[in-house]
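Form predicted alone, single chain, as structure tokens, below.
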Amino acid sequence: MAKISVEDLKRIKEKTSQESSLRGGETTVKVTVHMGTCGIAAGARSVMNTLLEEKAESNRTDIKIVAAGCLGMCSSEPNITVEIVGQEPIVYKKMDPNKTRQVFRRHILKGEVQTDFALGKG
């Protein structure tokens, strides 16, 4: 069996990232709620519920909300990542339902990054 090189792993990561992110035209926004044990303990379920409510109210079908594991930043949980086609992903930290509503309405719907809650880009 051939060994996998670092370059092979980078190619696989890039390909998987492209395939699993925003798929061809149907979805323009992907919001990931990081729901590891630490995230759930910090309130990620209420953040997820708030996002689902906001999406339902917006009647937008191009927004995808998904759950994922821990981001590795347990001290800043609950975290969400907002990916909009053509823009760098933004990770938001220490979210609660009010902050989540603000991020949804201003960043996702209007394109205004909420820097007060941002943990980082990329």
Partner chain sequence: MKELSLHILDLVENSIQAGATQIDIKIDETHLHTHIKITVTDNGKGIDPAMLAVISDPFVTSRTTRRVGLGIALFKAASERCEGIFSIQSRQGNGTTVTATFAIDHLDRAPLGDLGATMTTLIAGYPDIGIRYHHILFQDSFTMNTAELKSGLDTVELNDPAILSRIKEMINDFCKQ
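This structure is a prediction, so every number in the text was calculated from the model and none was measured. Numbering follows the first chain given and starts at 1. What we label the rigid core is the largest C-alpha set whose atoms superpose within 1.5 Å from one form to the other.
What follows is about the form predicted in complex with its partner chain, which we do not show.
Contact between Ile90 and its partner chain in the predicted bound form is not found at the 4.5 Å heavy atom cutoff. Interface residue remark: Glu53 is counted as part of the site for its partner chain in the predicted bound form, having a heavy atom within 4.5 Å. Looking at Ser5, you'd find a heavy atom of it within 4.5 angstroms of its partner chain in the predicted bound form.
At a distance threshold of 4.5 angstroms between non-hydrogen atoms, Ile84 is out of contact with its partner chain in the predicted bound form. Residues Val29, Leu109 and Thr115 are none of them found to lie within 4.5 Å of its partner chain in the predicted bound form, as judged by heavy atom distances. In a rigid-core overlay of the protein, Lys10 has its C-alpha displaced by at least 2 Å between this form and the one not shown.
In the predicted bound form, the separation between the C-alpha atoms of Glu7 and Thr32 grows by 3 Å or more relative to the displayed form.
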